[in-house]
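So this first bit is one chain, no partners, the form predicted on its own, shown in structure tokens.
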């Protein structure tokens, strides 16, 4: 149970800067997620917290105490590695028991047996305890690696994509279990993932990491509904957000948006706060962000809808994704399963602009959105 802080941490590998002035403040008992694309620096952050790697600049603190010069063994962390790191000559039972038999954290064998049976039942691997790692599937090895961490009660759990190699059904079950485990243990947890659904479902707060820098920190809803730039907006969502370039112009009682390429002009739905913000910004060129669920479609012509053609149609479980194309712009939409859709057939698309986000076409930074005050209030309540 610890508050973990990184202050202006920079880590280099030769001429490559893996982390650039990273600052994080992770609260005691918080489930904190590091989310970003591969190679962003997420694992390096974990390694600096664990003491596996030492930063060239900046400090790492546990409960306000600087631990840069404290070796990894004495930081009292439990880490789950992406590549398992199991002892090949030991059984599953002995692998899980190994941290409880170490000199620093030694427990008696009765305690070890009870703890391993408890965690093995939780991880659904009671029948694997006598096997060697070579007799396990990758998913089973991943569960053993997680179990080895969970038998301990450390100051902080560090998890590097621990569900990556599990099958889909077990991965979904383990998301729920992990959140419950963390709540029951009351231990600070830092979790690395590049899976949007994991980040949203697990994290009390999420840090978006890219190219060694922290781009945005907030609750899942805050980042999803108010991403700080187009990169974050594209990262948070599946299917990916639609970014539509165009021009804003003042009308008699509001604003219009003219879509590039299609040359379609929309009257923006009236909202006093939004129009005031757009007036302050004084921009004409903007990108509008529309989530796929906020696009409407019809296979028959409808007034106000843009004529497009079906570029692709993909059925994914409980929903389908239609990609429509017009004037070089591709628009992603969510549809129910069971549709009879042909590639290149006509489809007509409209936007629910009262869900739009606005980004600067030049800097790609977030400007504003509809219902921003309400979204901020909900995010503040969640964080509080």
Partner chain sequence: MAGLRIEHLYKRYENDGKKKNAVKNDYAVKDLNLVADQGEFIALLGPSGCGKTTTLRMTAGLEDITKGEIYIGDTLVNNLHPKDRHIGLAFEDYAMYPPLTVYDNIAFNLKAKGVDKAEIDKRVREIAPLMQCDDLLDKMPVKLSGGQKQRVNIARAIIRRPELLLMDEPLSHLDGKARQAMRTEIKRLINDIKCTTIYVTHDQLEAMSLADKIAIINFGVLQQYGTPAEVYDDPVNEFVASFIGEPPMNIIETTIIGEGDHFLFTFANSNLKIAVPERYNNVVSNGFKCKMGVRPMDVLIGGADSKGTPEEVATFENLGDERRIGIHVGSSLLMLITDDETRYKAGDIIKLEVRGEKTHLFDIETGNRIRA
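Numbering follows the first chain given and starts at 1. On a predicted model such as this, the values are computed, not experimentally measured, just so you know. We call the rigid core the largest set of C-alpha positions that still match within 1.5 Å between the two forms.
Just so it is clear, the following notes concern the form predicted in complex with the partner chain, a form of the same protein that is not shown.
Student: If contact means a heavy atom within 4.5 Å, which one of 109-117, 173-181, 150-158, 265-273 is the stretch that engages the partner chain in the predicted bound form?
Tutor: Of the options given, it is 173-181.
Student: Taking heavy atoms and a 4.5 Å cut-off, does residue 225 contact the partner chain in the predicted bound form?
Tutor: Because a heavy atom of residue 225 falls inside 4.5 Å of the partner chain in the predicted bound form, the answer is yes.
Student: Under a 4.5 Å heavy atom criterion, is residue 311 part of the interface with the partner chain in the predicted bound form?
Tutor: Result yes; residue 311 sits at the interface with the partner chain in the predicted bound form.
Student: For residue 337, is any heavy atom within 4.5 Å of the partner chain in the predicted bound form, or not?
Tutor: Taking the distances in the predicted bound form, the answer for residue 337 is yes, it comes within 4.5 Å of the partner chain.
Student: Can any non-hydrogen atom of residue 316 be found within 4.5 angstroms of the partner chain in the predicted bound form?
Tutor: Taking the distances in the predicted bound form, the answer for residue 316 is yes, it comes within 4.5 Å of the partner chain.
Student: Go through 260, 82, 221, 76 and name the one with a heavy atom inside 4.5 Å of the partner chain in the predicted bound form.
Tutor: Comparing distances to the partner chain in the predicted bound form, the residue within 4.5 Å is 221.
Student: Give me the residue from 250, 285, 169, 101 that has a heavy atom within 4.5 Å of the partner chain in the predicted bound form.
Tutor: So the residue touching the partner chain in the predicted bound form, by this definition, is 169.
Student: Every residue in 193, 322 and 350 with a non-hydrogen atom within 4.5 Å of the partner chain in the predicted bound form?
Tutor: None of them does, since no heavy atom lies within 4.5 Å of the partner.
Student: Heavy atom within 4.5 Å of the partner chain in the predicted bound form: which residues of 56-72 meet that condition, in order?
Tutor: The stretch does not touch the partner at all.
Student: When the rigid core is used for the superposition, does residue 134 move between the shown form and the other one (threshold: C-alpha shift of 2 Å or more)?
Tutor: Moves: yes, 2 Å or greater.
Student: After fitting the rigid core, is the C-alpha of residue 182 off by 2 Å or more between the shown form and the other one?
Tutor: Yes, the C-alpha position differs by at least 2 Å between the shown form and the other one.
Student: With both forms fitted on the core, give yes or no for whether the Cα of residue 262 moves by 2 angstroms or more between the shown form and the other one.
Tutor: Comparing forms between the shown form and the other one, the residue 262 CA shifts below 2 Å.
Student: Comparing against this form, do residue 318 and residue 180 have their CA atoms pulled together or pushed apart in the predicted bound form? The difference is 3 Å or more.
Tutor: Compared with the form shown here, the C-alpha atoms of residue 318 and residue 180 sit closer together in the predicted bound form, by 3 Å or more.
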